[in-house]
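Next comes just one chain, in structure tokens: the form predicted on its own.
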């Protein structure tokens, strides 16, 4: 039985694998129209191609990102694969330049898929300390002449803020495609497409959904030719988000701006507590003047906020003491702040940096804190009590 219109403001969950097409002529029209990547086709065919529930949630993200199209995928990694793969041209693919301070999963994808399996010519641009040298970047662009530049606006876990406007301008000077992972900054803080980026990626698992109970990714853009290529690639590889997860994500997006405002506010307040405590040696947060990229953050984000992530280093007289203090802190807060390898949840969670990044950041006392939207007084009390216990 076909679905009929009802007086509801909520988009239904269309779980259809395939959609009914009444006759041969209707079928011919549906498949011909599939070649024209309109936002919402007149006739849906198959949910691996497009699904009305997924399209409705994509349109919510279009409003947030202020873009002409958005395509949802099953995870942030599938969004990265989608965004990068549509620029591959076999042996004709040119050099690609990736900023080094990006998500570890992306770096592993570069090494194990782009280089090892696909044989692409990949290069990396490293920061000096915690800042990007734009003079050095221009020298590399001039010499290397890459087809593509890929970066994150806020790095993980050192939270270095890239001057996105300047970097995009430089890349375009040398005719590069620019792809930006905006997961940490989110559309609340910055809109890369408005400054000339070609594609924007989000792990919607993080702040866009914000509750740690679904995985999703999204690729956003304005160029209709890239949209067509992305729709085709998603269709052929099956990188489609399920209707159920799209529906749940759509409900979560309604509170995104309220939630992210609270993430930023709580994080800013916690930095004051952490920087003033004797058992914390270093606090990394773009919103405080001691961070090496505070001026970049201020230029990029203005008064909107500085994100919900804090990285701090627990003190100790030597490496062994730092390790013991780190472990004791994690145990002390475990009932309220669990160790979970993700970020952007409504509840505060943490991750020990050295255990994840190893030799890249061999700092045994370093903790990456994904600050939630809880009552800030309660959150401060938990953290201060745990830090105080280290003095004993």
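Numbering follows the first chain given and starts at 1. Quick caveat, the model's predicted, so the values are computed rather than measured.
The same protein also has a form predicted in complex with a small molecule, omitted here; what follows describes it.
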Would you point out which of 298 to 306, 215 to 223, 259 to 267, 238 to 246 contains residues with a non-hydrogen atom within 4.5 Å of the small molecule in the model of the complex? 215 to 223
Only hit among 311, 160, 271, 183 for heavy atom within 4.5 Å of the small molecule in the model of the complex is 183
Have a look at 210, 146, 187, 76 for me and say which one sits with a heavy atom within 4.5 Å of the small molecule in the model of the complex. 76
Using the partner position in the model of the complex, report whether residue 103 sits within 4.5 Å of the small molecule, counting heavy atoms only. yes
Using the partner position in the model of the complex, report whether residue 81 sits within 4.5 Å of the small molecule, counting heavy atoms only. no
I'd like to know if residue 198 sits close to the small molecule in the model of the complex, meaning any non-hydrogen atom pair within 4.5 angstroms. no
Considering only heavy atoms, tell me if residue 227 and the small molecule come within 4.5 Å of each other in the model of the complex. no
